[in-house]
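Take a look at this single chain in structure tokens; it is the form predicted alone.
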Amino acid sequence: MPNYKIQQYDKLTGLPFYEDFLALAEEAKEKQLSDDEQFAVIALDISNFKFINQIYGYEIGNQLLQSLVNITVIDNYHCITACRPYSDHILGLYKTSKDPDLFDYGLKKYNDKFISENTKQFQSVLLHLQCGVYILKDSHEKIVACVDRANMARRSMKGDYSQPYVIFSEEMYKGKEKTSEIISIFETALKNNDILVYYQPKVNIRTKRLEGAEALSRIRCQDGRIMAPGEYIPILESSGRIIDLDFYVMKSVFGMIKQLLEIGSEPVTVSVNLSRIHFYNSRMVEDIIKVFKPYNIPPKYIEFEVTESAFISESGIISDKLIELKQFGFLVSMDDFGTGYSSLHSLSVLPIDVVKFDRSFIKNSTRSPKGLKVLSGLISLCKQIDFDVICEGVEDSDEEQIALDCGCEHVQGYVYDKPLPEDEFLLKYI
């Protein structure tokens, strides 16, 4: 029996409050374990829990949260003490095996049980737990510091549905420093209008004419260096700041199209990337339309790109909002088709106008006759269900010919041009 007396309990879950948890955990970790056991602090939350509350209501959301507590805390004999600091976040001190296989089995077991027992009721979302683990080195470590490290591991999983948990490593500290540096650079660039919008052309192979473009961002640092998207996009997505970037690019694209129309030049359709994070905002469509309307341009010139992985992981919320965007007059495309696991059935019912085949299709098709047949068959199928098709990442004339032979007349890639700054793009193509 612990010596510490609990002061308050959470009314929803019956767990101790955070301060009581810290005291109980500090006391518990002083006790001797067997040679094959270890203490671990585990931080859990339910991916997109805010969205679950919006769709199903808070009462149902609370039931899901209670299910999580029952499975991972109350019915889990490895759990020594736990708390709910806020919302759907659960913290616990656990006694686990030092054997990596048994440790892995234990965490996956409770994760799988939570998902299997609740998936049927929550079919509009992909249920997933974000689980961060910190394994204590000795009893002298302060629980509050262990909690910080477990949470750091948990946050590193954001948007990653491929793994059931992440164990803290010292490398995460370096990642945290890098994240702070990139966000600081982004905020400065946003304030100083040093976010540059580049355009990569989409070309008709047969006519060699420009038929569209994709808007892409670059950040100009204060020292003049241009930062590539791979450096900052993942960090902005994990921090939620990608929303600010996407709206900045949107406004730039809307303004460019407006200028072309005002001088009597016919614009091409420009595609803008939408991060999946937008779709957790119940007012996403209203917010986009509110920004768009003052430019007074036809929506047919704007195409919103969403990656295939986003479609599959969050098909319910994404489909509903994309239908609203299409009803307003925007076009919608699926980007990176072929990198995820979409079924042909789901492809046939998604509210999209354009399918962009990932570069891997073209690349793999050069290696075998079977690859060519697969690409050709998928392109033919997409056309039969009235999708426009683009092959992206086409780098040379041989790959361009493969796309054409397989029935795709529209390509995007270095075979025609790299992404260009707005003034260079307009001078060359418009």
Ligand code: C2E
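Residue positions are given as counts along the sequence shown, with the first one as 1. A quick note: this is a predicted structure, and the numbers were derived from the prediction, not measured.
Below, we turn to the form predicted in complex with the named molecule, even though it does not appear here.
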| query | finding |
| --- | --- |
| Listed residue (246, 353, 324, 194) with a non-hydrogen atom within 4.5 angstroms of the named molecule in the predicted complex | 246 |
| Contact residue in the predicted complex, chosen from 167, 115, 233, 205 - any heavy atom within 4.5 Å of the named molecule | 233 |
| Options 140 to 148, 324 to 332, 79 to 87, 267 to 275; stretch whose heavy atom lies within 4.5 Å of the named molecule in the predicted complex | 267 to 275 |
| 4.5 angstroms heavy atom contact with the named molecule in the predicted complex for residue 318 | no |
| Any non-hydrogen atom of residue 37 within 4.5 angstroms of the named molecule in the predicted complex | no |
| The named molecule contact in the predicted complex: residue 42, any heavy atom under 4.5 Å | no |
| The named molecule contact at residue 229 in the predicted complex, heavy atom, 4.5 Å | yes |
| Within 4.5 Å of the named molecule in the predicted complex: residues from 186 to 220 (heavy atom criterion) | 200, 214, 216, 217, 218 |
